[in-house]
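Only one chain is given next, in structure tokens, and it is the form predicted alone.
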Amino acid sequence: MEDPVQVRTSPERRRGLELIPRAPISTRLYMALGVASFAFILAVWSLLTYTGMLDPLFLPTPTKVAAAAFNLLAYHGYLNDVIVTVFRVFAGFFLAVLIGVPLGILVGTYKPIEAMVEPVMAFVRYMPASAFLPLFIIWIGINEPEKVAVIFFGSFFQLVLMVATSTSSVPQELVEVSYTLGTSPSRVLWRVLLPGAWPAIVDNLRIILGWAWTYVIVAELIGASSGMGFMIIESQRMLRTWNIIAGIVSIGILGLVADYGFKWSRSALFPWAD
């Protein structure tokens, strides 16, 4: 006689029941649903604009935005703005990762370090990075270091706490079993805690990179002469909403590429965590 639990959860019986919590779906269906979501947004956008329901000044048509993106790339040096912004994002992001990930691992591993570091990180992370822009301009100036500093400040403190949480979330049972088997404290860190925490840490980096993109646009709104945020604020002054939307969409595309890069890297490096 079949086990009723096995009958309910076996892959053969789950086909077609795609809304079961955490039930896997095929790659083809996954991609189709993703494309369909973008198609739906495009359809609503087209309906609102091509029918004249909205003033083109407030929301231009997809055709107008696509033409604006082409003109920006072909005639206004927008590719250079993209390169400048990408450099700023990854400079601040990698600096935060270089310092924040090791510190977060230590905070999540050793209680004395947690007691010293976590309250400060929790205190500073509630301070908006944009509020420090005037101080950064006074302290650093308006050149590239100021833009990188905004991204670093906005990313670092959140990253430390997220990595610490991921490290401390490794099951304590694994640590106790390791000590029972005679593993030294240093080897517990390298052989137990880090392998168990790395998949979650990569997920943390994926989230923080999205925040870094938000901070770089804020940084480029003040005292910048290049970059995607600079182009957006210049277009706002001229009421060129088609350029603004083209810039926002291009940021979304770059972010989507980076996001899926992290997802692919996580699956390739840690297949057991999927």
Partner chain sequence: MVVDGVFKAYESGGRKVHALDRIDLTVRDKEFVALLGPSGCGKSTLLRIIGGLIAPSAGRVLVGGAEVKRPGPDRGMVFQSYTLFPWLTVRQNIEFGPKEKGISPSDRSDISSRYIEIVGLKGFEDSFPKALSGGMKQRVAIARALANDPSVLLLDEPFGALDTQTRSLMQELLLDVWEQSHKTILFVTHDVDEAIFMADRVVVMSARPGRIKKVIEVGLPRSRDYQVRTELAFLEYKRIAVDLIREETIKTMSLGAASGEA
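Numbering follows the first chain given and starts at 1. Quick caveat, the model's predicted, so the values are computed rather than measured.
There is another form of this protein, the form predicted in complex with its partner chain, and it is not shown here; the text below is about that form.
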Report the residue, out of Leu174, Val120, Ile99, Leu135, that has at least one non-hydrogen atom within 4.5 angstroms of its partner chain in the predicted bound form. Leu174
Name the residue from Thr109, Ser130, Ser178, Thr165 that puts a heavy atom within 4.5 Å of its partner chain in the predicted bound form. Ser178
Though only this chain appears here, would Val82 touch its partner chain in the predicted bound form if you measure heavy atom gaps against 4.5 Å? no
Contact flag, Gly141 vs its partner chain in the predicted bound form, heavy atom cut 4.5 Å: no
I'd like to check something about Pro195: if you look in the predicted bound form, is any of its heavy atoms closer than or equal to 4.5 Å to a heavy atom of its partner chain? yes
Is there any non-hydrogen atom of Thr183 lying within 4.5 Å of its partner chain in the predicted bound form? yes
Answer range among 120-128, 101-109, 85-93, 186-194 for contact with its partner chain, defined in the predicted bound form as heavy atoms within 4.5 Å: 186-194
